[in-house]
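There is one chain below, alone, in structure tokens, taken in the form predicted alone.
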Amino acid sequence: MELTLSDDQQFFCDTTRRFLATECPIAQVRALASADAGFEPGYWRQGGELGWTSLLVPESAGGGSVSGSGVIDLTIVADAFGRHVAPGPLLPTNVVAATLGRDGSGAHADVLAGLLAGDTVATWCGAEHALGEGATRATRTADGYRLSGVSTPVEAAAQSQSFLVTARLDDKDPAEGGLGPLVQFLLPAGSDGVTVEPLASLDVVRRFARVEFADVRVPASAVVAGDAPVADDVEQQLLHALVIQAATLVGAAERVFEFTVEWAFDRYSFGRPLASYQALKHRFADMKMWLEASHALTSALAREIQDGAEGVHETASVTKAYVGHHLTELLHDCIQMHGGIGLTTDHDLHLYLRRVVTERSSFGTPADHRRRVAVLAAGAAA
């Protein structure tokens, strides 16, 4: 997130961190690991009251942000979630709320209101299409569409009341390279033909699932954004997902770095603090550099998304590639510095490592995004 915050943003940051520290300390995170949902509905409702789900939604649709720059404000919340390895569907709910706030029709107003209040949860099935790997298809029928395919992994699918589904129409469109255009639907999670299969999750409090659509009948009223092209909307959803991920990774890594430095000063070896050894100083210097660069990239990405800057897609992939790679490396280094205790599940390190590795792997790995940067650069040079 931004290193320099306005007074209102600083108050928002302090309030969010204090709330998470009070309502969901690490002991609570461990306790929620065995809960089906991974979070308490009352906790999420309080988060809605704090504004966690309304930052990307315009005031005209019931939302609002602290500073007028909702994306930047959202990175404050995501950073706090990383620092506290907090539970809750922050990423999918914000992606869906932003889409409905921008494109949703009056038919979806009730769903959006529930998301903003924290009363309900929704998730996005279709990130694969943003990365060119989507397999969900839609066919026009006399009264709407028929939907088939699979989306996986989908965060909070079993806890959601609504799905925002991205699919590719069977219609061939020369503008899409011979493929059908993308279309998005808002479906009730309990629609006939929808199957949700929970998956084993590395993150202890976030839940993922495989969602299958087997000839699901979808009314025309479920279409989001009407007949308008949605390819740009899908790219925008990916951008929102990536900036939330990056801020979460930075928050988690920064917290681990802080308590690892404290450990190195408190722990003695041969009569000297560990932190006094030159080899460890060099490793801490590398980690600090990775953190500062990750801060800068995430802040730049948030500003470019907020401003709709040209080249934002390249910045997003550069950020995911750098932050995902180096902050995972930072976690591994911190575990090594803790010695044997860092390898145990009794230590909080494993909670942070699970969160960071999960974020690194979803919505494209660093390797995927390095390839994406190459494709974007080749396209720009052509």
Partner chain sequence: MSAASPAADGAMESVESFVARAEAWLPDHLPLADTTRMENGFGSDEEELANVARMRATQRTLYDAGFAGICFPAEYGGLGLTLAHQKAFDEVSAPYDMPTLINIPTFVPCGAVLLEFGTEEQKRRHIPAMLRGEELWMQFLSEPSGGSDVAGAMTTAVRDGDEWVVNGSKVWTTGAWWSDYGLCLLRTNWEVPKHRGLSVFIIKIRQPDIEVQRIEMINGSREFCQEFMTDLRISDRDRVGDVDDGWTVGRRWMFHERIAMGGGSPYTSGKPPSHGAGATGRDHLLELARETGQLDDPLALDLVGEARTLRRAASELSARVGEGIVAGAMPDTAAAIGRLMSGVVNERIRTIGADLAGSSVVAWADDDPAALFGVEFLMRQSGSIAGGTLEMARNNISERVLGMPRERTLDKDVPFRDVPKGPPAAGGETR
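Since we're looking at a predicted model, the values are computed, not measured. Residue numbers count along the first chain shown, from 1.
There is also a form predicted in complex with its partner chain; it is not shown, and the following applies to it.
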Original post:
Out of 273 to 281, 211 to 219, 161 to 169, 72 to 80, where are the residues with a heavy atom within 4.5 Å of its partner chain in the predicted bound form?
Top reply: 273 to 281
Subject >> Close approach of residue 265 to its partner chain in the predicted bound form, 4.5 Å, heavy atom >> reply: yes
Original post:
Taking 4.5 angstroms as the cut-off for heavy atoms, does residue 255 touch its partner chain in the predicted bound form?
Top reply: no
Original post:
Using 4.5 Å between non-hydrogen atoms, is residue 288 touching its partner chain in the predicted bound form?
Top reply: yes
Subject >> Contact label in the predicted bound form: residue 354 to its partner chain, heavy atom within 4.5 Å >> reply: no
Original post:
Looking at 232, 119, 292, 110, which has any heavy atom no more than 4.5 Å from its partner chain in the predicted bound form?
Top reply: 292
**OP:** Would you kindly say which of 204, 261, 189, 225 lies with a heavy atom within 4.5 Å of its partner chain in the predicted bound form?
**Re:** 261
Subject >> Members of 323 to 354 lying within 4.5 angstroms of its partner chain, judged by heavy atom, in the predicted bound form >> reply: 326
